[in-house]
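Encoded as structure tokens, the following chain is the form predicted on its own, with no partner shown.
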């Protein structure tokens, strides 16, 4: 049966994005949002495509599968860890904790939690999400600790990671108040001394 002239079909076609780079970018942005809301298991291709305003077939066209889209949208971190490390190295070692907490909160807040929330919500249903989260924080803090000559690097690394991951979970995933809406500088003042002690202080 012909659909020519069908207003609903015409409107739907006009509402679709053209197949191109804009479609790919829209799918990545939509996927990050849907994975952050629902985790890997709860996110569907149809929901992601609807959020992006495209046909669900575009997911397979551009990424091959939901798994492929997840890898591009969430498992590939949207920043350069080396650039981040260079930025955080700019300042006194005794203020490392402040710079780390402020930088992570600022970046996460600007994206509503973004990739971090998508990773956390997906850990239970997607093993690779847990690996990415763990590998990033381990590599990041190992570089930090080595740069200031700290001892007990494996223990300090996991303590630092526990502070940031825990803070992120409470602020963006569980959204416990008042921490979920507390000003960044208030959190920096409260949390940074712990991170600084984990980096270079006495662990007792």
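Quantities reported herein were computed from a predicted structural model and do not represent experimental measurements. Residue numbers count along the first chain shown, from 1.
Only in words, not in the display: the form predicted in complex with a further copy of the same chain, which the text now covers.
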Q: Specify the contacting stretch among 173-181, 47-55, 22-30, 60-68, defined as having any heavy atom within 4.5 Å of a further copy of the same chain in the model of the complex.
A: 173-181
Q) Honest question, do 85, 92 and 96 all end up within 4.5 Å of a further copy of the same chain in the model of the complex by heavy atom distance? A) no
Q) Is there any non-hydrogen atom of residue 137 lying within 4.5 Å of a further copy of the same chain in the model of the complex? A) yes
Q) Should residue 42 be classed as touching a further copy of the same chain in the model of the complex when contacts are defined as heavy atoms within 4.5 Å? A) no
**Q.** in the model of the complex, residue 163 touching a further copy of the same chain (heavy atom, 4.5 Å)
**A.** yes
Q: Indicate whether a further copy of the same chain has at least one heavy atom within 4.5 Å of a heavy atom of residue 111 in the model of the complex.
A: no
